[in-house]
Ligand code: DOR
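Shown next as structure tokens: one chain only, the form predicted on its own.
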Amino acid sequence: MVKWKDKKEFWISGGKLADPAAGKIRSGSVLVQKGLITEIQWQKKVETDLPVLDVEGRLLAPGFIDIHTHLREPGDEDKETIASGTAAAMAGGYTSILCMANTDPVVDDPSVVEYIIRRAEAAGNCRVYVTGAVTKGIKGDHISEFFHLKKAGIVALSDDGKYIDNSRVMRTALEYAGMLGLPVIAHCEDTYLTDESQMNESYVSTRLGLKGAHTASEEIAVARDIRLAELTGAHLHIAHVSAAGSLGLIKAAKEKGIRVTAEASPHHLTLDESMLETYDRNLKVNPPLRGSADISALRSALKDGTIDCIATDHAPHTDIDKQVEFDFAPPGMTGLETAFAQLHTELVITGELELIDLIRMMTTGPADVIGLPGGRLQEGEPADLVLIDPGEEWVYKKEIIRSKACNSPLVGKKFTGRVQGVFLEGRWRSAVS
């Protein structure tokens, strides 16, 4: 456990530094002055008269960035608030998050954007960027006033949670978004094929007696939106990719020069449909958990560049929301506090992914997709950093959860690799009680 009193000038020394832009992890020391990284020395110890925080045995990296978080406020503060959601983000090593627009009221008016920004600044746990709704009320029929939303502070557009099934509306949205330099984050799901579905369509869904959603529902939507991105020249970002067939479409689009990026969630990379045999409602997500072939394809796509980044799709719900019959439980699970540990345990410790590549997918990757600052270990950058103990074994328990919600199937699971805390503009925030 690290205990540190905030100082304006100090060195962080004695451990390893992860430089995702260079693709290297090596011994080094970082000088923090007035909230900025002002010097990096690639040596384990430094000679200095300034205070030194010794992080022997730990890894220092740029703070994680999540470009897919549901904060629920305004409107559903019983599920999550901006304060509790950003506290969960900090506990998971995130110094920046991008919140989705499906609040109540929807983020389709500048006043809602301004409200979220003010509340996030007051909480002070991490940086919060805002997504504006593509369509008014996320109803899919009339686009929002993008110009005014951008002026208020949004950095992207999305109706996440709902698919824009009207192709004319989606085309118009991409055209206007392209003019303003805003990426459109697409929730790709042909709802005519997923109506009343509860999980992935497969032998497992038939055996469990749950209506399934075939991967074709995602692939069809991805294909349409890629074609519209090609037509308009706009930046399309595909959220929570879950199907192997979608990856082939995305890869082909990139090879063709279409402006398409994509993300994968920790749960789609590590959890599979067979786990639903317990009927655990916390495993019900949208898109649904898929089969082993899809998971294998997603993991390969992390390595070959088809997937640009990892995003949590943190979706908090109350216990009451989830403690109903499976058919009536809302989809979604929390993920901010467990994302790194889950992926480090399942992919890095097993040798399937290099640690520096995981860090890159959680830092420079998401920053580059949306065009956000941060994600790099460079002089002159804000000292937004995460401190990790890669070897610590720990159990994710209910009593340590910072989120207001605990709808995670990972409660009680043992992980290897733990976030110790973050520096936000050089101010230390411990993630460990």
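In this text, residue numbers run from 1 along the sequence as written. From a predicted model like this one, the values you see are computed outputs, not experimental measurements.
Note that the form predicted together with the named molecule isn't included here; everything after this is about it.
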Revision key, fill the gap. As a check of understanding, the residue in 183, 332, 266, 212 with any heavy atom within 4.5 Å of the named molecule in the predicted complex should be identified as 332
Practice item. Please pick, from 286, 345, 318, 300, the one residue with any non-hydrogen atom lying within 4.5 angstroms of the named molecule in the predicted complex. Key: 286
Practice item. Determine whether any heavy atom of residue 160 comes within 4.5 Å of a heavy atom of the named molecule in the predicted complex, and answer yes or no. Key: yes
Review point. For residue 240, is any heavy atom within 4.5 Å of the named molecule in the predicted complex, or not?
Key: yes
Point to revise | Contact flag, residue 187 vs the named molecule in the predicted complex, heavy atom cut 4.5 Å | key: yes
**Study point:** is_contact(residue 337, the named molecule) in the predicted complex, heavy atom dist at most 4.5 Å
**Key:** no
Review point. Looking in the predicted complex, is the named molecule within 4.5 angstroms of a heavy atom from every one of 70, 102 and 313?
Key: yes
Practice item. Choose one stretch from 246-254, 126-134, 91-99, 278-286: the one whose residues place a heavy atom within 4.5 angstroms of the named molecule in the predicted complex. Key: 278-286
